Structure formats: structure tokens, C-alpha cells
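So here's one chain in two forms, each on its own in C-alpha cells, numbered structure 1 and structure 2.
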Structure 1
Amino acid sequence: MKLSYNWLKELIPNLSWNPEQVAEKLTMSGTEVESLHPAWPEPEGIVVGHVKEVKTHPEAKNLKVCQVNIGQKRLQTVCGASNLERGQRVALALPGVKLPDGLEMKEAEIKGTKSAGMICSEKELGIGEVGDIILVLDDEFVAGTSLAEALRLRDSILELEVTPNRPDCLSHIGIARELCALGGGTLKLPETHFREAGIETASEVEVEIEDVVGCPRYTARVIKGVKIRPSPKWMALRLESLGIRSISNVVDITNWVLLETGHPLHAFDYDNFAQRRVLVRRAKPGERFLTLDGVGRTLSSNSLLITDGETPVAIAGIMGGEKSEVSGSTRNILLESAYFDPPTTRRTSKELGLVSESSYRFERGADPENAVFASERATRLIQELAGGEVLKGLVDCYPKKVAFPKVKLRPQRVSTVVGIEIPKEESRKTRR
């Protein structure tokens, strides 16, 4: 599992340990850190530029001569990118900078016109694969700001070996709790507040669970009028540094919350549901389903399905289907946050040869009490980044309460093992 050090710092604002110390503390406590490396290349001298003027090169119609504001001064640079326009914020490599591919920036003359520095693409910066067009930044970025600062590129990635008995460590919040228990600071959970409006969610969706063993809990929330677009670059880059490809704002948010809380979510295009209904049932032997990866799969009665009351829309806890996937035309979404039985998830995953970030967590044991928090966190981010009207309330179908095991603890035994006397009241206070 990959972790962002910056993300841990956001969850523990008073964390004083550097990445190397965090790695050592976790390894010594039993959660081994296998590697530690920078998230992205961080060449100095790449800044945010504001394109103030664009003219066609006098000697080459396929080139443009730009005046770029970098804070205290303007630079003239020649660029051939087809998507360059006046008013854009761009990434400008200043003279003297060496890019990740080894190319060194120098002042030069291009067909008789002076050019200082270079407006860069994602590929040239080492932060993506797109190389035929320049990287266009958000308008909020201030000219002259370091690109590393604007896009939060200065980060360290920790790769952990998490044992199967520690599913609580499969998230940034889970590892942040570990660090706090080791004396690293105080945990600050992310914001979950959002605005609700319109009608009650319960009037828009009905949830029925036929198999309460395979799915003890299912929550649903409806958000109308969202705008699907690319995620902010800081979100996309953080996800990609952790091994998850950026797709769109809503899909990225479900992945973001999975990495943050450890609880998998799924967003459906609700307009593609045949009914205003969610039915969780077992598959019929031989039933076919087309998953998001474009593969048609034959299911057995071991597989648990999420359906719209008629047809499947997802294999529970593993992968959604093409029919209800969020796309650029999506306007209304159903947000799922549920708890699926670990043995059921694992059997289906093995049977189909299909492993996902969701199945990896559900088959090890997610926290059923975390479903509502994860839903609220995702809803806040969706409202912030995709807009939309969040309907009132949450449909929470929880027919079979998951009982947590009770572990008896003898205070005297604790003192014997630890080697110091710990009062009973202190044990009670710190039991979690």
C-alpha cells in the first residue's frame, strides 16, 4: 500500500517526524515500510506563468511568440503547442533549469526571435504522459509561484507491507491513528459538512437487501445536477502518485475517500437505473454481467450483485458495470457506501479472477460503522468539486447489526507485559 506523507501531515497537523522518522516508527511498531521515495521530480526554477500576449511567429505560422508574466517580470518565449492561448496559467521552465529528461533550458533564438525558457507539457515535467500539448493550470494560481508549491509536488511516498490482520491500516486515517498512538501527535479528521436541499432521499430511492449475510449494511445518497469534469490537478497528481489513474472529479473523489478512510464507495449514474430502487441479491447461476473494464463475466450463485431492481449494476464490493458508470453526460448520481461480507467478497474475487482496491479492503474486513462517515466525506467533496443538490437525509438499510467481538482484559496482565503499573482508569481511557 502506498501512503502520502503530506496527507498524513494534513491529518496530524502537529506531526513533527520527517518521512524517514515516520518510516522507522511504523516499521518498528510492526507495519513495515518497504520503500520511501519522492512523489514527483522536483526541478527548481519551474514557475507558474501567466500568458499575457500571444502572436504568430513572423517566420513560422506553426509557432507562437508569447509574453509570459512570472511575477516580477515578463519573459518572451516561443511555443508550438496547439492549445496555447492568451490568459492561461502555464508551467514555465526558466533558463538554467534541467528538466527530468535531462534537457537544459537556455536562452536562444528560434527563427530569428529570442526565446527564454520553455512552456512545458506534463510529460516534459515528469508528472504525466501527455506530451503533445502544454499543461494548463487553474486560474487561481499566482504568477511567479513555484510549480512544486502550486501543485503540491513536494511529497514523499511510503510503500507499506500491511499484514492481512490489519485492515485498519489500509488508509491514511488508519496509519495516522497508528502514528498518534506512537506519540506522533493529535488526529484531525477531515471535514464532512455539506448542504442538503430539495426532497428526502428516501422518496427517490428504495433499498432492499435480500442477502443480509453478504451485505449487512447498505447506504445510499442521491446528488442531482452534478457537473462531471477533470479533477483539480492537485487531486489528480496525488492519486496518480499513489497508483490510481485520474478519471473525473466524481470518480476520483470515491477513490480519494477510499485512500483516506479505507472505506470503498461507488458512484452510479442514477439516470441509467431502470427503477428508483437498489436491490442487493445473489446472482443467478450463469447470469452475465459487463464490468467497467469491458469484460463480460459469467457469474455463479456465490456472487453478490447490486441491481436496479431488474438488472445488475455492480458486483458488490468488487467492480461496477458499464451500464451505470459515471461519464461526461452524468447529471444525477447515486452514491453507495456499504459493508460487504469478507468471505463472500473473497470467494467472488477468486472465482472471477477480479481484484480491485475495493475487494482488497472488503475481503480483509472494512469497518461497517465507517460507511456513513465515508459517505459524508465523499458528499462534501462532490458538492465542492462537482456541485449539485444533495437530497435530504441518507437511506441506511442495516437489517443485521454487525456485532463486534468483546475482548476481556486483565489490568494486572497489562502491567506485567508492559513492565510498568497502569491504573485501571488509564486503561479504560485509552482502550481505543
Structure 2
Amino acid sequence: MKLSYNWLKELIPNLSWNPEQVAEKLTMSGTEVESLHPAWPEPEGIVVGHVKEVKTHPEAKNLKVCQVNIGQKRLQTVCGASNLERGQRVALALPGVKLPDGLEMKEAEIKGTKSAGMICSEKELGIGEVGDIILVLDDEFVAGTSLAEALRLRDSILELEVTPNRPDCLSHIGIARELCALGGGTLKLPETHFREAGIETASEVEVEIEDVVGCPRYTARVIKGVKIRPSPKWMALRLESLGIRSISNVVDITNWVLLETGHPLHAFDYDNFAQRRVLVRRAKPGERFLTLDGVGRTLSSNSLLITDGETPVAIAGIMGGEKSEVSGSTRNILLESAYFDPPTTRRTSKELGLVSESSYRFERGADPENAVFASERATRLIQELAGGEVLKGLVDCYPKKVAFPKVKLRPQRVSTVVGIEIPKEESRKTRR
């Protein structure tokens, strides 16, 4: 599993360890850090530029001559990108800078017009695949700021080997909790506040669980009138640095919350539900379902399905369906935050040969008590980044609370097994 050091730092504001120290502490506490590397290339001398003026080049009509404000001064630069417009914030490589692909910036004359530096594409900056148009930044960025700072590119990625007995470590909050237990600082959970409005969620969706063994808990929220668009750059970049492709704001938020809390979520396009209800049931033997990766799958009665009462919309805890997938035209969302039992998830995942970030966590064991927090966190982010009206209340179908085993610790037994006497006080402090 990949972790962002910056993200850990946001969760533990008083974290005093640098990335190398974090790696060492985690390795020596049982979660081996296999590698530690920078998230992105961090070229110096690339700054946020504010395009003040765009004129057609006197000698070439497909080139533009721009005046770009970079804080203290203005530079004149010639650019051929089709999407360049006045007023944009762009990434400008200053003269003398070497881009990740080895290209060196020089002051030059292009067809008789002076040009200093270059307005860059994602690809030229080494942070994405788009190479034919320039990267346009959010308007809030201040001209002259370094790009690495504006886009929070300076980050370290830790690759961890999480042992199967520690599913609680499969998230940033999980590892942050671990670091706090090791004395690294104090955990600060992310913001979950949002506004509710309109009608009661319960009058908009009814949840029924037929198989309470496979699905002990299912919570749902409905958010109406969201605007699906690309995620902000900071979110897309962080997800991509952790190996998850950015798709759209709402889909990215479910992935973000999964990496943050360790709890898998799913967002459905609610307008594709035939009925206003969720029914969790076993698949009929041989039942067919088209998952959102475009593959038609044949299920056995081992598989658990999320349905709209009749038609399946997802294979529980593993993958959603193509038909109910959130798309550019989605307006109303049903947000699922559930708990699926590990053996059921594991059997289905094995049968179908289908492993996802979600199935990986459910089959190792998610936390049923984490479902509500994860749902609230995602709702908060959806309202912040996609707008929309969050209906009142959470529909929480949790017929029988999952019992947590009590662990008895016998000090005498500890001494026998460990071979040294551990004072009561020290033992208590460690378990805190």
C-alpha cells in the first residue's frame, strides 16, 4: 500500500518525524516500509504565471505572444498552445530551468519576437499524460508562487507491506494512529461537517438486507443536484501519486475517503435506480452482471449483490455496475457506506478473479463502526467540491451490532511468553 507523507502530516499536525524516520518507526513496529521515494519530479524555477495579455504573433498566426506576470516582473513568452487564454494561471518554466524530460529553457527569439521561458503542459512537467495543451491552474493561485508549492508536489511516497492481521493499517488514518501510538504526535481527524437540507433521506430511500451474515450493516445517503466535473488538481495529483487514476470529483472523493479512512464507499447514479430502494441479496445461480470495468460476469449464489429491489447495481464490496456508474450527466447520488463480511467478499472475489481496493479491505476486515464516519467525511467533501443538497439524516440499516471480542491480558502470561517482567505501569502506558 502506498502512503503520502504529506497526508500523514495533515492528520498529525505535530508530527516531528521526517519521512525517513517515519519509515524506520513503521518498519520496526511491524509494518515494513519497502520503499520511500518522491511523489513527483520537483524541478526548481517553475512558477505560477498570470497571463495578462495574448496577441497573435506578427509572423505566425498559430503562435501567440503573451505577457505573463510572475509576481515581481513580467515576462514575454511565445506559445503555440491552442487552449491559451488571457487571464489564465499557468505553469511557467523560467529561463535556465531544466525540465524533467531534460529540455533546458533559454531566452530565445522566435521568428523575430523575444521569448523567455515556456508555458508548460502536464507532460512537460512530468505530472501527467496530457501533452498537447498547456496546464491551466486554478484561479486562486498567486503569480510568482513556485509550482511545487502551489500544487503541493513536494511529497514522499512510502510503500508499505501491511501484514494480513492488520487491516486497520490499510489507510492513512490507520497508519497515523499507529505513528501516534509510537509517540509521533496527536491524531487530528479530518473535517466531517456539512449542511443538510430538503426532505428526509428515509423518505427517499428504503434499505433492506436479506443476508445479514454477508452484510451486517448498510448505510445510505442521498445528495441531490451535484455537479460532476474534474477534481481539483491537488486531489487528482495526490490520488495519482498513490496509484489511483483521477476520474471525476465524486468518484475521486470515494477513493480519497477509502485511502483516508480505510473504509470503501460507493457512489451510485441514483436516477438509474428503478425503485427508490436498496435491497442486499444473494445472486441467483448464473445471474449475469456488467461491472463498471465493462466485463460481463456470471455469478454464483455465493455472491452478494446490491440491487435496486430487482436489478443488481453492484457486487457487494467488490465493484459497482456500469449502468449505475456516476457519469458526467449524473445529478443525484446515492452514497453507500456498508460493512461486508470478510469470507463472503473473499469467496466472491476469488470466484470472479476480481480484486479491487474495496475487496482487498473488506476481505481482510473493515470496521463496521467506521461506516458512518467515512460516509460523513465523503458527504462533506462532495458538498465542498460538487455542491448539491444533502438530504436530512442517514439511513442506517444495522440489524444486529457486530460483537467485538474482548481480549484478556494476563500479566503473568506476558512475562512467561516474553521472558522479561514488564511493569504494570509500562504495560498500561503502551496499551493506551
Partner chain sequence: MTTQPPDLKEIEKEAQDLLGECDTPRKLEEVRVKLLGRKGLITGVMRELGRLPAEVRPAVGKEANLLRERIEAALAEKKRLTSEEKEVSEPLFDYTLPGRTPWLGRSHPITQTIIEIEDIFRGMGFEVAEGPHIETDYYNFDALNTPEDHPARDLSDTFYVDKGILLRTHTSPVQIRVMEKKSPPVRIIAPGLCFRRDTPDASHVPNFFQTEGLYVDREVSVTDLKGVITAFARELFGPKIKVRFRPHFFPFTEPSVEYDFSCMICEGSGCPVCKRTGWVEISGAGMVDPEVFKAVGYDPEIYTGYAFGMGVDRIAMIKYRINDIRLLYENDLRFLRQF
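Predicted model only: the values in this text are computed from it and were never measured. Residue numbering: structure 1 sequence, from 1. Only the largest set of C-alpha atoms that superpose within 1.5 Å between the two forms is called the rigid core.
Of the two forms shown, the form predicted together with its partner chain is structure 2. Once the rigid core is overlaid between structure 1 and structure 2, P13 does not reach a Cα shift of 2 Å, moving by less than that.
Lined up on the core, P423 has its CA atom moved by 7.6 Å between structure 1 and structure 2. The two forms, fitted on their core, place the C-alpha of R410 2.4 Å apart, compared between structure 1 and structure 2.
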